[in-house]
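Just the one chain here, laid out as structure tokens, in the form predicted on its own.
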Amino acid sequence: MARIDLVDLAHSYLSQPPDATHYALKPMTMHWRQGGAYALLGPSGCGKTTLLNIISGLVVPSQGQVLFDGRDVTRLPTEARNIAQVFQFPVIYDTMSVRQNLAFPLQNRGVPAAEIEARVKEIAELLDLGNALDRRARGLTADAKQKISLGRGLVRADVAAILFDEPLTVIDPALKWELRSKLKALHRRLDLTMIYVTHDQTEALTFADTVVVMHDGAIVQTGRPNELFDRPEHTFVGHFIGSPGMNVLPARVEGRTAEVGGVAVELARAYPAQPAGRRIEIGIRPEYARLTASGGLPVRVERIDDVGRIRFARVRLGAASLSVVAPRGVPVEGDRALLALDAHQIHVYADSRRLEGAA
């Protein structure tokens, strides 16, 4: 197990990048505690796999350092870092049995046979492979093969960290929740440092204690799942976390009032007038914007989507369009309705970064 420090880390795949736009990873400094469960979350191309490969030693960064427990491993090869990595597609030996696949990493390190047998059995039971230990991997399903690949990463109890690169892509959707829960249970039991790369917010939020949200090669926010939802520090985090994502609306803000699409919206905090040229927006999650029977702002309803447990409406507030909750029983006459906004859940952003207003 290891504490991992990334110090002034950045990377470009060009030998002489002309400017910052040619960096796959923008400069970053991060400290990840020993035994933590982390998720690198972001869309394809945001730099999360590049960052994971730098940590594992598959890529040497253009600048900065990677430290394991204070030891500089930036230029050390993967085998010298004592890490395990699980990739998007299964990496297993088809001609070996499940038991032999799981035992192989331990045999290579000279672990005693009795210890190997006990460890293989423990991991196999955790991943529901106990009844398939003597079957050849070749004849198993894709999700079973990925379980073996996961098991090969988890079977070593002495690793500094286990790195997962989109490991559940080939897993049947019905099994994903169960497998994520098992990975989390194993993390708690063994106190291993785990870093999990994914573009799926559900995977990230249910697996990790700390989620690192990446966008365009930069880390835009790091925090616990509830912090990312309740207090997005960047408009991208608001968009990317949640379904539907946060409404981000162009606005003019001064004091405790935001003008949105020609309509005045009350704010819970006061904000100074911003210098000309800054892009000012307000953000509110659909869960905190609801159609109401009385006492709200007049809106025009464009459509209502019933997703079973909840109904979301797409409405127009002046010239601005947003998603809101449409409670059952609240009347919508034609396309006219009233909208109530929770002022305490409205965030103000300048150039995509959240501003802290005065109470």
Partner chain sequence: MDKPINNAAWFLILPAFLIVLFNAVIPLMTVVNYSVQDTFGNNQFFWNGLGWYQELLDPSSELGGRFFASLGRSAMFSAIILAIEVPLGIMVAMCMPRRGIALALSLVFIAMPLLIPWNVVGTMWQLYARSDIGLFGWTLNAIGIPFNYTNDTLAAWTVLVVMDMWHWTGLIALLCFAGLKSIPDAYYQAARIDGASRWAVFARIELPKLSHVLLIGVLLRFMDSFMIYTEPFVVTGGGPGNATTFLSIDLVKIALGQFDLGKAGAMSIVYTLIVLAVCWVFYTVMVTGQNKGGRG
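Note that the structure is a prediction, hence the values are computed from the model and not measured. We call the rigid core the largest set of C-alpha positions that still match within 1.5 Å between the two forms. Numbering follows the first chain given and starts at 1.
Although not depicted, the form predicted in complex with its partner chain is the subject of the following passage.
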property: Partner contact for residue 167 in the predicted bound form: its partner chain, 4.5 angstroms, heavy atom; result: no
property: Heavy atom of residue 94 within 4.5 Å of its partner chain in the predicted bound form; result: yes
property: Residue 223, heavy atom within 4.5 angstroms of its partner chain in the predicted bound form; result: no
property: Its partner chain contact in the predicted bound form: residue 156, any heavy atom under 4.5 Å; result: yes
property: Contact residue in the predicted bound form, from 109, 231, 71, 278 (heavy atom within 4.5 Å of its partner chain); result: 109
property: Position in contact with its partner chain when the complex is considered in the predicted bound form, options 84, 192, 284, 265, heavy atoms within 4.5 Å; result: 84
property: One stretch from 270-278, 84-92, 111-119, 249-257 that, in the predicted bound form, holds residues within 4.5 Å of its partner chain by heavy atom; result: 84-92
property: Residue 110: Cα shift of 2 Å or greater between this form and the one not shown (core-aligned); result: yes
